[in-house]
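Listed next as structure tokens is one chain, alone, in the form predicted on its own.
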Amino acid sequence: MKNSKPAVETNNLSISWGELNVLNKINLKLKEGEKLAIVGPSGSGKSTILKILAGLILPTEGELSIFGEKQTYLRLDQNNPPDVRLVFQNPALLGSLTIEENVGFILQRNKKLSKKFIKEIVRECLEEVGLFNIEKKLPNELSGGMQKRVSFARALITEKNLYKNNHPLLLFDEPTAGLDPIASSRIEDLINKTNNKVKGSSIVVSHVLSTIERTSDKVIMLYGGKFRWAGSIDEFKRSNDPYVFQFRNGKLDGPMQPKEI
């Protein structure tokens, strides 16, 4: 992958809601195969970055390239969008569709694939996340934890004819928020398993230290719409940078205060 183009590259990327600058000229470069965590307090713009990368919203200014191709349109406006898979904080399953239909949704766009083939792929992906014989159930018939795993099964779905790039960009938005430590460990294992299975690059947005440390190689600190610090996971664990130290130790005193976004 040394000669491949970056999975993500931004140049002075900004987005504003009226007079509020959510992201202010951020520059990010993620190589293929890298695993990054974006951290920072609530409201700092972390999830907004993921939505821009996923093609759900457009930046106000600046440039974004994914797999070397500039992105100037929303995902729905592209005939051949890049292979970017966003796992939302909530499972984001369609309540009127069965689990099989939810997980295999992207494959149904390919008219050349038989229903039998799609069913087999869906079953394999569900088994990868420890779910069996639930294909015909509706989302409301599953527990919250099972729904979360279904969303990971959906991220495993791969059909080589759909995308130019066979190594997707995986985006995880607060995947362990509100979970107990044991449940968090299971989800963290799923993140790593999913990433290894599809040989992708990943960005995890999280407040949970175990999730940051177990699923990432690099960390970026976001606050006030700007990147304040970047380094390896080992550097993050021992850094005395005031932003990192305050976040890591949950201190009230420090440069990050509620009055800013």
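Just so you know, these numbers come straight off a predicted model, no measurement behind them. A residue's number is simply how far along the shown sequence it sits, counting from 1.
Keep in mind the form predicted in complex with a small molecule is missing from the figure; the text below concerns it.
- Remark: of stretches 5 to 13, 19 to 27, 234 to 242, 247 to 255, the one touching the small molecule in the model of the complex is 19 to 27 (heavy atom within 4.5 Å).
- Taking non-hydrogen atoms only, Ser42 approaches the small molecule to within 4.5 angstroms in the model of the complex.
- The closest non-hydrogen atom of Lys46 lies within 4.5 Å of the small molecule in the model of the complex.
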